[in-house]
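A single chain, nothing else alongside it, follows as structure tokens in the form predicted alone.
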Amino acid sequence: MQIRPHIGNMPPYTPIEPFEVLSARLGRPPEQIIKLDANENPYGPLPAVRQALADLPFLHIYPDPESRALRKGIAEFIGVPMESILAGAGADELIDLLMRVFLEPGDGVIVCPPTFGMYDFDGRLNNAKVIEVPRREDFSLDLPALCQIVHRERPKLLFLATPNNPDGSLPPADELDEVLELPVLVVLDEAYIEFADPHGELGGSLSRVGEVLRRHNLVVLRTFSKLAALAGLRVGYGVFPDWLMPTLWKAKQPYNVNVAATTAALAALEHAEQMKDVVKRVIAERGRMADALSRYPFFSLYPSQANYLLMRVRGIEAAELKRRLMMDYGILVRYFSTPRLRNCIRISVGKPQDTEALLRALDQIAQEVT
């Protein structure tokens, strides 16, 4: 028996470990762990969502294969016809679905690292030619290089996280306009767009989701993981051009969004104003956290329009700082071992008390570093 060589040779994706595993490893109960490593919404689902899940009937019945109620709710939320919307088990499922629909072995997929690792992972899983167009030192797009490579390589797909993960940058509007003129299907991953609007308008003023209807080469992906704190239920959606929808309906798994995820997402949409309030709290805490962290001499922060902050570390190894925060204080942050990020850590925005605990820990560490 032989597996496909390209899969046997590819490196695995490195996910965040489950909360209960980390709790056991650290010897700390979950309530004594501050989890700032996965960009999760620290406030959790709204009370109405929890109640809807508690009252959930018909768990023994398969979900609607077309997610009609959910798509209708999303359509009303974002102002796009439900016929252009496809729901998924997280946006991750839709990333893989696009690749399975478009790619023959060796077809090109462009990614702009450092960025979300699933684009590269799914590209290699689907035996694509993953073409990297590295970002500049400040994580902005190298637009001339990107345009040149698209015209030279003729890739099938181009993935851009807007805002980008791990740094939280959002390309200027004119740069995105130029990207959308390129001869390639552009997939904008707006997982964090709700945190980019300074007024907490849930991404309405900065999202490109409304442009999908008038562009033939644009797909926009969104998720309930961050906005609605439903990361554990895996529910997202995409807005796709009309010509692509019939093929996606044929290719998707029939019961891909489970009834719990659908119920939770619908309940969240019915309380959009409460979600907006949570987003505003996260944005405010991001600003306070950035101001506080910028005072430490061993940090150099990058501006962020997402629910996390990336910083370069000097005077102490970033990996060691992550270890110290985890082992000594029960505070989890993200460290990346890739070359461009090896001296960086990313810290998710938590509640104000989480920030205070982080600052107390850093104060003690700073006394040893300086």
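Keep in mind that what you see is a predicted model, and the values were worked out from it rather than measured. When you see a residue number, it is the position in the sequence shown, counting from 1.
What follows is about the form predicted together with a small molecule, which we do not show.
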- Any chance Ser225 has a heavy atom within 4.5 Å of the small molecule in the predicted complex? yes
- Message: Even though the partner isn't displayed, in the predicted complex is Gly90 close enough to the small molecule, meaning a heavy atom within 4.5 Å?
- Response: yes
- Applying a 4.5 Å heavy atom distance criterion, does Phe77 contact the small molecule in the predicted complex? no
- If you check in the predicted complex, is Asn165 within 4.5 Å of the small molecule, heavy atoms only? yes
- Item | Listed residue (Val239, Ala191, Ala196, Met275) with a non-hydrogen atom within 4.5 angstroms of the small molecule in the predicted complex | Ala191
- Exactly one of Ala264, Val179, Leu157, Ala161 has a non-hydrogen atom within 4.5 Å of the small molecule in the predicted complex; which residue is it? Ala161
- Query: Only one of 99-107, 132-140, 170-178, 183-191 gets a heavy atom within 4.5 Å of the small molecule in the predicted complex; which is it?
  - Reply: 183-191
